[in-house]
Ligand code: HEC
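This document opens with one chain alone, in structure tokens, the form predicted alone.
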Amino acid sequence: MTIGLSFLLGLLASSVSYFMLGLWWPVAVVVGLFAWLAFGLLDVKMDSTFTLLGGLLLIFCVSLSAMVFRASDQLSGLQYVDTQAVDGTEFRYPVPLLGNARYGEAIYKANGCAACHTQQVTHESVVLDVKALAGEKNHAAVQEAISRFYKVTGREASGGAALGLPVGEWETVVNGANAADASKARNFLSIAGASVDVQVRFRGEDLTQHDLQNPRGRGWGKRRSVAQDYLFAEPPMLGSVRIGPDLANVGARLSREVLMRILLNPKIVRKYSKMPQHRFLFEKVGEDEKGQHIIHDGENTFKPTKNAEALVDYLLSLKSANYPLPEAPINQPYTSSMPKPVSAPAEAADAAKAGNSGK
């Protein structure tokens, strides 16, 4: 094979590795060089179908192996990240299972809960909202930038932006934009000197229900699940069939009492539930029995066993989709991601004079 033809084959192998298999670009270059050397400089003959198919298979295997090793290296490099709870308390995430919750994970596995429930909040799309804040000096320029953005993207103005963009107030420029339009809006506004904030929103039926932004939401989690969530799960029990609701964030949705009742008899809580009863995790007691988590179901009274307590402890620990992460943020109030417009020296001097004259 000629050097030129083998180079084209190497270029093809490198392109397939990068664009189709998603390999890191240096690895894709190495794969291409390998193909070029094998079929060009080393003078490997391609005079038979066997040699051709063997070469293609070899290139595919090398590329696939590199992709697997790359992904494995990325996952093995995951570390703790800083996040915060709903009340604002900061902590390192994820938190490893401790004590009774770890034993409860084994009960979860033994009872095949993953056959009906998932632990993976999924999303269908990502949209972005852009807000802007203009000062008196750059107000006209920011208005012009917004007009040009609407003209370029074919969008219609709405809200305060349509009414003239109030000075010194955050105002929505575009809601539910794709990445390209949000980038254009940010560029136009930044050049005009406005403060800009871009908020990421994940959309999908698993996510928090919202009458306008996500009317079909089921409220199973505040954000999508990512690899970071399963750092201590061996193996991650993602599940594949959703006969029941997703459990990735069940600890933030349901209380201990409700979970106990669902385990004993799901129809106590949900009339049409398809979940089987788990009465083997409870034991009958007398009607006069007193204590924590005593449940009356019909003519019988039950109390949870240690296995039931451990399983509920594990379920209460599942709150992964409740904490924001850098790669999976939760909708937050707008805060400026760029500095506010700085007053010009002349403007500051005028303000000082006005203040002195008022004394």
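Residue numbers run from 1 along the displayed sequence. Model, not experiment: these values are computed from the prediction.
Unshown form predicted in complex with the named molecule; subsequent notes refer to it.
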Using a 4.5 Å heavy atom cut-off, indicate which stretch of 170-178, 263-271, 144-152, 200-208 touches the named molecule in the predicted complex.
-> 263-271
Is it the case that 111, 117 and 253 all touch the named molecule in the predicted complex, with a non-hydrogen atom of each within 4.5 angstroms?
-> yes
Give a yes/no on whether residue 94 approaches the named molecule to within 4.5 Å in the predicted complex, heavy atoms considered.
-> no
Partner contact for residue 35 in the predicted complex: the named molecule, 4.5 angstroms, heavy atom = no
Would residue 106 count as touching the named molecule in the predicted complex under a 4.5 Å heavy atom rule?
-> no
Do residue 278 and the named molecule share at least one heavy atom pair within 4.5 Å in the predicted complex?
-> yes
Scan 227, 86, 98, 243 and let me know which has any heavy atom within 4.5 Å of the named molecule in the predicted complex.
-> 243
The one option of 328, 28, 315, 308 with any heavy atom within 4.5 Å of the named molecule in the predicted complex is 315
